[in-house]
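Next come C-alpha cells for two forms of one protein chain, structure 1 first, structure 2 second.
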Structure 1
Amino acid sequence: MTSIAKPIATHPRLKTNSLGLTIRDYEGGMSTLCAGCGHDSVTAAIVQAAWELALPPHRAAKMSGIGCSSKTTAYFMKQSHGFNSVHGRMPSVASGAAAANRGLNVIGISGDGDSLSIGLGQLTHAIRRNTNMLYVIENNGVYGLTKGQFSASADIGSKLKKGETNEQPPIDPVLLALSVGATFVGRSFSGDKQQLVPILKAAISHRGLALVDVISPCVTFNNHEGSTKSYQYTRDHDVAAVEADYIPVCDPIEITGLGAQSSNGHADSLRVVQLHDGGTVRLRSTSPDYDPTDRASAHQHISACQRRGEIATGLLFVDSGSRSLHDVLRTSSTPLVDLRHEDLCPGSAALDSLMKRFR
C-alpha cells in the first residue's frame, strides 16, 4: 500500500516514552482517506495509546482485510510489519501470527463490511478461540469504497444520502461478541478521543481477544440527517456505560475510596479489574445496576440502549480470568522462527507416534 510521505522533522523538546520514542515515531504514512473521515481519528487514538504504553514497534503486527478500514494500518507505527488479507479473512491471518509468536502485539483493523458480512464467521471463531489481539471495527454503517450502500450494521430506519431507507435489522458487533464469549468488549466514538484512548490501552493489554467497536462516521456517504452513524447522531445519543481509565501496573497509584458524588447525587461505585499482565482497569459505573464484569448485565444494558435509540459506549465487559489461545493450545513460549531445526522436526518416529492417535 503506497501513501504520501510525511515530513520527518520533529520538535527537539517533544516528550519521549520509556523507550525513548516520541509520538511521531508511532505515526505512519499520510492518510489518503477523505478529509474528516472518522477512521483518521481512530488512527490518532491508536498512535496515542501505543505511545503511552511504550509498545516496541518491531514487536507489533498490523493486520487488516479489505475496505476503507484496511488502509488504517498504513497510517500508524511505520516501523511495524503489516498485512492486508483477503476480504473478511483478517482474523485467520492474525490468529496464525499470534500462534506463531506469542511475543507479538497483534493489532487487527477491520470494518463493519469486512467483519459483519463476508468475515462474520472469521470474527466469531477468532472470538471463540480468544486469540491474543486487539480487534478494532471501524463502524460507519456503509460500504464506503463502493459508493455507500448499507452495510450489515446499518440501523432500521437509517437513511442513505440519496434517500433510501434501510428496512433490515442490523448486526450489533458488541452484542454478537458477548453472545459468543468475548472476554473484552468495548465501544467508543471516533470523535471522543478521551474515552477511546484508555479503552484501546486496556484492550491492547488484555490477554485474549479485545473487541472494540468504534462508531466512525463516513463523511462522504453517511454523515447527513437521517443517518444513525453520523457525527451529530452519535454525539446526541451516546450513553457512556462506565467511566474507564487504564493504569499501568508500574504506576504507584492506590484506590482508597469508592469515588466522589456524581452529578445526580449518587455515589459512583468503583470496580478495579486486574488484567493478566498486571495492569489495572478502573471502572466507574454510571448506573448502580450496571456491572461491567457480568456478561448478562452488559448484554441487557446494551439491548436496553438499543430500544431507546441510544448507543452504549465505554468498556462494556471484561473477563480478566479467561484462558487465551496460547493457554488452550499450549503454544511455544519461543517464537517459531527462533526454534532449532531439531525442535521443529523431531523425526519420523515422533510423526509415526502422532499419526497413530488419529487412526
Structure 2
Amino acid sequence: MTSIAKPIATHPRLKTNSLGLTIRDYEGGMSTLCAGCGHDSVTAAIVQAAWELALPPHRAAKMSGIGCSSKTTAYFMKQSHGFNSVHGRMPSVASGAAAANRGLNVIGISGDGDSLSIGLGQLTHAIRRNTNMLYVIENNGVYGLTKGQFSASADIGSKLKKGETNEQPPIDPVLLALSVGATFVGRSFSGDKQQLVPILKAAISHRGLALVDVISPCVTFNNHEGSTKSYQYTRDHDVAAVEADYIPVCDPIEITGLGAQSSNGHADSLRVVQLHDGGTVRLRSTSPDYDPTDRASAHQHISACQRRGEIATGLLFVDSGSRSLHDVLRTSSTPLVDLRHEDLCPGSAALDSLMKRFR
C-alpha cells in the first residue's frame, strides 16, 4: 500500500467545522491508485462526510482488508489509526476493535473481492453481529489489484477487457445484507457525490453496521463497453430510490445543496427518521410508495430494479431501532479498554472463597 505524503498548503479561507478543522485535516496520503479510479472518488466523499460530521479524527479507526479498495484507508484521515489487515478478514478485526473500544468510530473499507468471495462469511457475520461500524464496499466487479479477474459481483454477460464473458450469477451485497438482517443498507455510485456524501453521513451515525455498496468503476480493468460496472453503464441505469439527507443533532455546517434534491424532481414523499445519536435522516423517495423502513419492500424494489437491468441506489433500508453489538452484549458504557485492573480482577479473597467449589 503506497501512499505519498501530500504537500501541506493550507488555504487561509478554507471553511472549518465545529472542531475547527478544515477539510484538509481529513485528508490522507496521496493516492497511488490509477488515475480516474472510482475508489478515489469514494475517498473524497468519505473525507467530505467526516468533515461535515466533524468526526474527531483521533476517535476514528480505519479498517480494511486487501485490494485496491482496501488501500484507500491510507488516503483519508491521516490523523486516525488505520489497520490494513488480511484479505477478506477486515470485518473480524473491526469487530474486535469495536468490542474493545466502543468509543471508536469504526470505518471499514472493502472491495467486492474482499467482501463477496474470500470474505463473504465475515461480511455476513459482521452484519448479523451488528458491529457498530460503517462498512463500505467499493464495488467494481473485478479484482483490481490482481489485475482484472472477475469478482463475485460481476453480472452475467459482463465482459473482461480481454473479452472473457462472465457466466456465473452475481452476488448483490445489498440484497444479501437485507436477507441476513442488516440494519442499514445503502447504495450509491462513486461518481455521485451529491448522493453518496449524505448516505455516508447517515451511515456513520447509524448505531450498528451500516453497509454502503458503492459502484466504483475500475478504469483499468472494467470500464469498457459490456461492463455493467462501468461509468457509462452506471450513469445510464442508476435508479435512485431514496435520497438521504442526514442532519446531525446540532449541525454547525452549511450543507445546502447536499442531497436535498431527488434525482428526477418528482413530487417526492419525505420521511424523517430519528437516529440513536439524536440526528435525523430525511429520506426522500422518488416513488411515493417506497418505504425504506420496511425490509420486504426494500427487497422487492431492489429486485424489481435488477430485473429491469437497473441499479437501485439511495438509502435503501434503515432500522433506526436496531440493537448493535454492544447493546446485545450489554457491555459497560465505559469502553473495555478504559476499565482499570481493579474493575476486572476479583482479587485474592474472591479466589480463596472460590477454591471451596473445587474441594
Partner chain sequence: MNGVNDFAFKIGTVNGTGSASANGLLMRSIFRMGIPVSGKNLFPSNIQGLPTWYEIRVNGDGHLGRAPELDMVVALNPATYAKDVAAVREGGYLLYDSSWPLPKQLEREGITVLGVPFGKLCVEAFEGDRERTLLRNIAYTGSLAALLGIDMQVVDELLNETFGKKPKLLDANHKAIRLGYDAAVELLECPLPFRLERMDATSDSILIDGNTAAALGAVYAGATVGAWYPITPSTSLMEAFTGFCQKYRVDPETNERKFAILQAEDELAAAGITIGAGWAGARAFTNTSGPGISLMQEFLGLAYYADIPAVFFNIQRCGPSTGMPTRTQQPDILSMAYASHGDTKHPILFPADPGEAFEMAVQAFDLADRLQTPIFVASDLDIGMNDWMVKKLEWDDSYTPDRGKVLTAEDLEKLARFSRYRDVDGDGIAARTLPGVGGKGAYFVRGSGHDMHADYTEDSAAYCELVDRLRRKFAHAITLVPEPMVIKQEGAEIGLITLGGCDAAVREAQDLLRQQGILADVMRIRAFPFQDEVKEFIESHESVYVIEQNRDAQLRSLLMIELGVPRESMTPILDYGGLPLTARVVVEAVAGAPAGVPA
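Each form is matched to the other, and the largest set of C-alpha atoms that superpose within 1.5 Å is called the rigid core. Each residue is numbered by where it sits in the sequence of structure 1, with counting from 1. Not measured: the values here are computed from a predicted model.
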Practice task
Could you let me know which number goes with the form predicted alone?
Solution key: 1
Practice task
Using a superposition on the rigid core, decide whether the Cα position of S348 changes by 2 angstroms or more between the two structures.
Solution key: yes
Handout entry: CA of I23, rigid core aligned, shift of 2 Å or more between the two structures
Key = no
Practice task
Give me the C-alpha shift of L336 between the two structures, core superposed, in Å.
Solution key: 2.7
